[in-house]
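Here's a solo chain for you in structure tokens, the form predicted alone.
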């Protein structure tokens, strides 16, 4: 009896501290099982020569040494860096679209739904739509070129343009996602701060930079992190639009990892895991740098 009373007393005294952990426990467990543990398993597998079925052979860092002499790996790495660079255009583009759509005029809901549409459709559909758009025989881009008297450009068949063409296709839904994040953030902007800024003579770019953007930092953080992750894990558009071609020029690290580990060209689980580890390190460096930058800004702003 005394033990049950003591237990109830402990719960009443500490329930505000314990309750959040109880609610978080299922999510933390799922995150650990499906994210954290597989990361360490991938690091372990990268130290082996393994076809996924037979016995593992420990080879240490030989997979990573082989990466240093792999031209296809460097092509994939450069393409991923291009994805990172140009994919970040989705963040300012989403911001300006949200500023344009954050109005109370007739028909704005219909316009918002049209801008929102790219985000709700599958990436496979996006890839097919842009593959038709780029087609040099009947695609819309070819018709535009012909209208102005130019020869149609086979974007997906040209090593110089194929990566940029796929990135442009990916920017369409990613910009819509960033727009949604910023529209949500704009709804939380304090109108009193806007009014105070107007009284101080701030308008236009000064209002945006000094009053609105500081209040959109949470939305900016989520938009940047999700965009970075989307750029680094780009796979489906490459697979649908070019299958890594022409001549492997549009490969990215995620697609090259799939080719090495799971396609008919590979079944080299250890080598594919090494590529995955490199991709993970790049992602962590990029996101950690952004987190540190935001943390420093927060401290300077206090």
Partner chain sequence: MFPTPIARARPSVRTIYMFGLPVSLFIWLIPLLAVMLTSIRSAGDIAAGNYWGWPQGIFLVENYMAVFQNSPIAAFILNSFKVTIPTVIGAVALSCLTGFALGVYRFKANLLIFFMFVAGNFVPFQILMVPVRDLTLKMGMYDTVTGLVLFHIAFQTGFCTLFMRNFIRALPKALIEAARVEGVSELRIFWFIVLPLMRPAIAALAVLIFTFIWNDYFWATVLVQGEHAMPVTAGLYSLNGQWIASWHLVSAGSIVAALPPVAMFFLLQRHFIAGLTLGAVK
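These figures come from a predicted structure and were not determined experimentally. Positions refer to the first chain, counted from 1. Between two forms, the rigid core is the largest collection of C-alphas that superpose within 1.5 Å.
The form predicted together with its partner chain exists for this protein as well; it is not shown, and the discussion that follows is about that form.
Novice: Of 133-141, 155-163, 67-75, 80-88, which is the one stretch near its partner chain in the predicted complex, taking non-hydrogen atoms within 4.5 angstroms as near?
Specialist: Within 4.5 Å of the partner lies stretch 133-141.
Novice: Decide whether residue 13 counts as a contact residue for its partner chain in the predicted complex under a heavy atom distance cut-off of 4.5 Å.
Specialist: Judged by the heavy-atom cut-off of 4.5 Å, residue 13 is well away from its partner chain in the predicted complex.
Novice: Looking in the predicted complex, any heavy atom of residue 236 within 4.5 Å of its partner chain?
Specialist: Because a heavy atom of residue 236 falls inside 4.5 Å of its partner chain in the predicted complex, the answer is yes.
Novice: Taking 4.5 angstroms as the cut-off for heavy atoms, does residue 42 touch its partner chain in the predicted complex?
Specialist: Because a heavy atom of residue 42 falls inside 4.5 Å of its partner chain in the predicted complex, the answer is yes.
Novice: So, residue 31 and its partner chain: in the predicted complex, are they within 4.5 Å at any heavy atom pair?
Specialist: Flag for residue 31 set to yes.
Novice: Who in 84-107 is close to its partner chain in the predicted complex, meaning a heavy atom within 4.5 Å?
Specialist: Residues within 4.5 Å: 97, 99, 100, 101, 102, 103, 104, 105.
Novice: Core-aligned, does residue 30 move its Cα 2 Å or more between this form and the one not shown?
Specialist: It does, since the residue 30 C-alpha is displaced 2 Å or more between this form and the one not shown after the core fit.
Novice: If I superpose the two forms on their rigid core, does the C-alpha of residue 233 end up displaced by 2 Å or more between this form and the one not shown?
Specialist: Superposed on the core, residue 233 moves its C-alpha less than 2 Å between this form and the one not shown.
Novice: Superposing on the rigid core, I want to see if residue 278 changes position between this form and the one not shown - specifically a Cα shift of 2 Å or more.
Specialist: For residue 278, whose C-alpha is compared between this form and the one not shown after core superposition, the shift is less than 2 Å.
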